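Consider the single chain below, provided in structure tokens and representing the form predicted on its own.
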């Protein structure tokens, strides 16, 4: 099928001129004007909107758009002035209702008028830069109603009065309020803000300023915060019901400033009810409320944090320097843990686990724990108490909880190496006396220390456990080889301790009884025969013994004693009475140890297997000792002078401190050499700073000691001073 030929269409002009009635515009406008009057008078049902639309369309088409537009402005203005009179005449509470009703009528009328004049709205208005019909209607309403002198002030006063009455507890018509404020918003954000919001915020500030002053004079801190919180919630609820959503931030800011920010200091320091009292009395609800309110205002967080930090530091300081508290190390550490638990719970429950407060808590604990230089020793004693007896019958999970809490305190210590020294001593006593609750708990603690401080920190502690295991194997081998020769003589259990791993002190070996000495010599021969190049030194001050004793009337007991006590008691197998001098000469036990040993054997009620004359608590050099034939005990096994961890005496403490200082010297020197090796040239202050940074995980080095170590390294030609600048040091390769 062939395609049809395209035909071109052409629209031609009329052949004759179209004549327009000269009075056409006037007549047509009269029809439209009458329609507008009818619409405002609620008689729109009889109008033909199609006809009215055509008339408006024709007027614009015939270039009478200006007449139509200006006529519309005049007519609407006239009606709005009449409406204004009606609104002004409304009395009392009817004022807002009349305004709301007339606003509704005006909107309906405006909708109909816009439909009639739609063609003008779409063509004439844009091309002539006029205001669209709907917007024009709103502007005329604003100018003739809202900005009418008699209505403007009355409207604002009425709205503010209703809000004031609602704040005082009265019930108001919120639906009507919502309609009026929405009308103001529809008229433009500037109308809402200038005619209502700004005065509303000013009046609110004045209201809350007065109310907060009244509240703070008659309420305690907790009650005041409840009232402030309630007012804040009321204002947010008010916004959601009948104000612009953008007003929420502004009105809440007013309440926060007047009720919280202006009274922060007075609230936190309020006598008998302020922040410190809340912390002491665990008032989680009040603390949470304070946290949530204060976080809304500038400096709110820092105010709470500073007061809490000050309280923590003062409380902690009183705890760690109180002489009465220092008498019991276990109680001292338990109080620290209880204090930490208490404030951890407050931060978690009331302060939303906020990092700001966690950091404040940590810095406070670090501050006051290090005020007492015995804190490392006391924390080690606490662990010793728990691992020795305090955790018996406790589940593994609970053991972990206790150890984790101890590690938390350990992290605050600046002198971690001092803790290590004491921990090593206490661990040694637990392992050698077999008094540890469980090996698992001991290993768990060492793993935690290793994780915190690295392998170097715990290598010697792990070496102690290795020695204990190796010693068991050694003893099995010894008895297997000596099986035929042992007979009924004393049995020996030896722990072979590596010198570098254990906190052994050089001690003068005492004279062991002949029966024991022969077994010891057999062991020495066996050990040195199986291990070449080693040397054994008996640490008699660290041993224990079980001996069987028969008292009067054939009463038999098994006594658990120290090696020193055994040496003393064995002398009484051949003698009934021995003087102090004779015992000292026979055993060669150091005087201080011998006196303590004799005290525990003769002066402790219920454990006095020896009798001393004259009877007194102290041991004198002219005392005489007798075997106590009348000793009785309801127990078959009697422990005498059990080794327990206790606080050091002053000389021991001084000695431990000296050992720590000596151990620190090579660590400081190693750090200086490491730094200088990489930097080559460095000034004195920079070296001190970098050495402190490197070593602070173990201890805080003293700048004076660092200076002495630098001098020592210069003497040994590891470093040299710069010839031009004496404060500069150079590394010598």
Partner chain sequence: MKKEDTVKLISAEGFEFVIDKKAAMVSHTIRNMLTSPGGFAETQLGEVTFPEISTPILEKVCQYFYWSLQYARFLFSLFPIPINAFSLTTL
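As the structure is a prediction and not an experimental result, all values here were calculated from the model. Whichever C-alpha set is largest while still superposing within 1.5 Å between the two forms counts as the rigid core. Numbering follows the first chain given and starts at 1.
Here the subject shifts to the form predicted in complex with its partner chain, a form of this protein not shown in this document.
(request) Consider residue 471 of the chain shown here, and say whether it contacts its partner chain in the predicted bound form, taking contact as heavy atoms within 4.5 Å. (result) No, no contact at 4.5 Å.
(request) Check whether residue 111 has any heavy atom within 4.5 Å of a heavy atom of its partner chain in the predicted bound form, and answer yes or no. (result) Because a heavy atom of residue 111 falls inside 4.5 Å of its partner chain in the predicted bound form, the answer is yes.
(message) I'd like to know whether residue 400 contacts its partner chain in the predicted bound form, with contact meaning heavy atoms within 4.5 angstroms.
(response) Looking in the predicted bound form, residue contacts with its partner chain do not include residue 400, since no heavy atom lies within 4.5 Å.
(message) in the predicted bound form, is there a heavy atom of its partner chain that lies within 4.5 Å of any heavy atom of residue 32, even though the partner is absent here?
(response) Result no; residue 32 lies far from its partner chain in the predicted bound form.
(request) Pick the stretch from 49-57, 665-673, 688-696, 64-72 whose residues have a heavy atom within 4.5 Å of its partner chain in the predicted bound form. (result) Going through the listed ranges, the match is 49-57.
(message) Counting any non-hydrogen atom inside 4.5 Å, which residue from 705, 681, 44, 700 sits next to its partner chain in the predicted bound form?
(response) Among 705, 681, 44, 700, a heavy atom within 4.5 Å of its partner chain in the predicted bound form occurs only for 44.
(message) Which residue, 278, 116, 418, 597, is the contact with its partner chain in the predicted bound form, using a 4.5 Å heavy atom cutoff?
(response) Contact residue from the list: 116.
(message) Once you overlay the rigid core, does the Cα of residue 58 travel 2 Å or further between this form and the one not shown?
(response) Yes.
(message) My question is whether residue 694 is one of the residues whose C-alpha shifts by 2 Å or more between this form and the one not shown, given a fit on the rigid core.
(response) Residue 694: C-alpha displaced by less than 2 Å between this form and the one not shown.
(message) Please determine whether the C-alpha atom of residue 31 is displaced by 2 Å or more between this form and the one not shown following superposition on the rigid core.
(response) It does, since the residue 31 C-alpha is displaced 2 Å or more between this form and the one not shown after the core fit.
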